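The chain below stands alone, shown as structure tokens; this is the form predicted on its own.
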């Protein structure tokens, strides 16, 4: 374990509860806690723009889009946010799954399954803007941005961290925060996790996700596609605007550079057309491509004394099934309800037994989603002809087997955990 000590001579802030990490998971969790009447302080490394109403994009929120499950949509509805979020959200009414050069295909139709939708696609920039605006307007939440956490200790009563402004090397810009509980939502390379000596189980998929927005000649009609190719999975999701679609194309590490940069627009569109086919019509225009290395990172523990790991600090998944953020939001909901009960009873919010019980309660859902995402990646990237035959036969069986679609849809929508 790393040995950190805090400087007792620095200014001290006492926090009823503390979140380190003000990304989408951390901000959502803070709003959940405030909804239950629990005050919270958030520390975030990024210095956010002051005018959240006129700036639609923040450096902490990237070019990616998020597929929100129906359960996540319901959580945002309960928080009173969905009426604002839905302005730039697009429902998924149909899902089409196929493999390039193979016979297997499967389709899901929300109407046939008696559903309003399978979920909603929203741009991270918009989701981040709304969450940040709501956090800043909430009197129970204190957001301190532009600071790095540099030290962490805990004892039988409190967690104490040291933070310093990211734009300063002056020791006078440091301060301590003390809280009975710390929720570490500081990303896949979590400082808090490392400071606590928590190891990770990591698998590098040897893949990079190319992310961009494209324009097609055919209207998307709220249809999502998952196309498996020799290069890797290709997801095509509907966005606001009748022919705007989000692309997440997984390619082998080291091959991504040929698709990045404005000069490669035409080549990228041509490759996309060959891989995807003509179901979306012609790929007419592409935005800037962004590349994100893909790996699975799982913390070996999630409750450590008075600290609980949340979001990507606890589990970072492959984006192939769009389940990572939704799983994190379910974690946040369960933790919020647990802490609310603890507060109502006047008990210690950082009680280790309570936090350990929270962790145990989430393992079944987490393991199921982790296995599901990992098995899709491994199963559809193996070139063995027998495996290819088996998975395409499986797709055909899935398309006609009674009850299979409803079962998978319930899991994907977060309605069955």
Ligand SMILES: Cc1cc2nc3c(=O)[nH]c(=O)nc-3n(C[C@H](O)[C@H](O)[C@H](O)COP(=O)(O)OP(=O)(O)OC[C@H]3O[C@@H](n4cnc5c(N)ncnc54)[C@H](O)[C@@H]3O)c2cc1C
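Fair warning: this is a prediction, and the values are worked out from it, not measured in the lab. Positions refer to the first chain, counted from 1.
The form predicted in complex with the named molecule exists for this protein as well; it is not shown, and the discussion that follows is about that form.
A.B. asks: Establish, in the predicted complex, whether 16, 141 and 336 all lie within 4.5 Å of the named molecule, using non-hydrogen atoms for the distance.
C.D. replies: Not one of the three qualifies.
A.B. asks: Residue-level question: is residue 158 within 4.5 Å of the named molecule in the predicted complex, judged on heavy atoms?
C.D. replies: Looking in the predicted complex, residue contacts with the named molecule do not include residue 158, since no heavy atom lies within 4.5 Å.
A.B. asks: Look up in the predicted complex whether residue 32 has a non-hydrogen atom within 4.5 angstroms of the named molecule, and give yes or no.
C.D. replies: Although the named molecule is absent here, residue 32 would stay clear of it in the predicted complex, with no heavy atoms inside 4.5 Å.
A.B. asks: For residue 216, is any heavy atom within 4.5 Å of the named molecule in the predicted complex, or not?
C.D. replies: Output for residue 216 is no: heavy atoms all beyond 4.5 Å of the named molecule.
A.B. asks: Tell me, yes or no, whether residue 308 is in contact with the named molecule in the predicted complex, where a contact means a heavy atom of each within 4.5 Å.
C.D. replies: It does not: once the named molecule is placed as it appears in the predicted complex, residue 308 has no heavy atom within 4.5 Å of it.
A.B. asks: Work out which of 98, 174, 312, 134 lies within 4.5 Å of the named molecule in the predicted complex, going by heavy atoms.
C.D. replies: Exactly one listed residue reaches within 4.5 Å, namely 312.
A.B. asks: If the cut-off is 4.5 angstroms on heavy atoms, which of these, 233, 238, 319, 128, is the one near the named molecule in the predicted complex?
C.D. replies: For this set of options, the contacting one is 319.
A.B. asks: Sort through 299-307, 262-270, 183-191, 75-83 and report the only stretch with a non-hydrogen atom within 4.5 Å of the named molecule in the predicted complex.
C.D. replies: Every other range fails; the passing one is 183-191.
A.B. asks: Determine the residues of 21-38 with a heavy atom within 4.5 Å of the named molecule in the predicted complex and present them in sequence order; the list may be empty.
C.D. replies: The stretch touches the partner through 21, 22, 23, 24, 25, 26.
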